[in-house]
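A single chain comes next, written as structure tokens; it is the form predicted on its own.
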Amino acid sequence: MKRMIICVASIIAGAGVLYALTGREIMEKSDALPDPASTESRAVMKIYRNGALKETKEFQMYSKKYGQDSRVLIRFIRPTKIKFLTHSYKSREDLQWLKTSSGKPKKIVGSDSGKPFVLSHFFYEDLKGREIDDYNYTLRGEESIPGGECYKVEAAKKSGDKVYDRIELFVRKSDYFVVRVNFYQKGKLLKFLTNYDIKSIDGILTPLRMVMSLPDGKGKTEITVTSVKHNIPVNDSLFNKGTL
């Protein structure tokens, strides 16, 4: 299944393992981590610029799998009512729409992919799915970061229009979950995503806090999950563009 915002990769090391995995094998094992069939959650988004809190937003998020495809609805409830819908497909380009409280749904086109989502440090590109076959993978070593002992995997885009030239994935050795992603554009580190407070909820590894940061420390967007439920009934009508 395509995973929103987070690409995952992994390598096995330790007793009983007699060989190192290739970048592709790492990605396949990481991609095999359990995914929920559906999710309902609530979260708070805080946007910081130049060290100061500038905006606080609250939203609900619903997701559901449809075979190898998936749908995600983000519905802001404070301070303004904005809806954002993504239809992710395994075999073709994703579709996205944004609806403000006073307008009609606007389709997000390719030229919008590198623009900020609701003035945050997340781009529309970050809210699309990513397929394992979209990238070539190379293991770049090991590194210890606040999330734990990790393997570092580089993912370079194969072709096509993508906002990022490559990304670096820091994968926790203990469970194959990605705790950090570095995003590069035109050869320079553009920003990085860090996952915190990773818990097993309904058998699904779930980060309860995600922070997208600029490398110069002058800005970040923090998302804190206040409630989440996996594998529960979610109404299909939520994901209909016509009902946004």
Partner chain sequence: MDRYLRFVLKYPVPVLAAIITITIGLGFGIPRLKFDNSIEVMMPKEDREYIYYKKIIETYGNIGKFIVANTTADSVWTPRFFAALDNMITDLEEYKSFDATREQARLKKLDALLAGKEVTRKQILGRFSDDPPFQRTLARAMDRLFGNADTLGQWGMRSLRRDMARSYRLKKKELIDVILSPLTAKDISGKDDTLSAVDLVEKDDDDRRILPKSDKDFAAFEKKLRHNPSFKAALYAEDPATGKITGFGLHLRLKDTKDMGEISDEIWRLLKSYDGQLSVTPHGIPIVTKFMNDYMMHDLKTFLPLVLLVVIIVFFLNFRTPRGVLLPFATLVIADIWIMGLMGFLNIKLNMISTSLPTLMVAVGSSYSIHILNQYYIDLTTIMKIEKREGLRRSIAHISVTVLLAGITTFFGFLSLATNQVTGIREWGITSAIGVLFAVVIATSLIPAMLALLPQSALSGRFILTRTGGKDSRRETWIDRAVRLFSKLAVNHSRAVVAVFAAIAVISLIGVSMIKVETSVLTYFKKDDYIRSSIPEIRKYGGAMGMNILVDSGQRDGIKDPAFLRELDRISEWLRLEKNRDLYVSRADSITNIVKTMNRAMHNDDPAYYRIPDSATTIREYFEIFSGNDSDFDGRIDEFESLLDEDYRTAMIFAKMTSPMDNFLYTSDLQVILDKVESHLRKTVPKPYSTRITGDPRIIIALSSYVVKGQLLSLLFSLMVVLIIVILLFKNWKAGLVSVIPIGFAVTVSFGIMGWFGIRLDSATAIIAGITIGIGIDDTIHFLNTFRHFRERRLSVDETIRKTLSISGKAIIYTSLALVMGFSILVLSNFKPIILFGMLVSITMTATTLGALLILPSVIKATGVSLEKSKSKSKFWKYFYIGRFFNFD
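These figures come from a predicted structure and were not determined experimentally. Residue numbers count along the first chain shown, from 1.
In what follows, reference is made to the form predicted together with its partner chain, a form of this protein that is not presented.
Here is the short version: of Cys150, Ile82, Leu139, Leu85, the single residue with a heavy atom within 4.5 Å of its partner chain in the predicted complex is Ile82. For the chain shown alone, Ser102 is a contact residue for its partner chain in the predicted complex, at least one non-hydrogen atom being within 4.5 angstroms.
Mapping the unseen interface onto this chain, Arg172 falls outside it, with no heavy atom inside 4.5 Å of its partner chain in the predicted complex. Within this chain, Lys29 is remote from the site of its partner chain in the predicted complex, having no heavy atom within 4.5 Å. Taking non-hydrogen atoms only, Leu119 approaches its partner chain to within 4.5 angstroms in the predicted complex. Residues Lys186, Leu190, Lys191 of 174 to 208 are found to place at least one heavy atom within 4.5 Å of its partner chain in the predicted complex.
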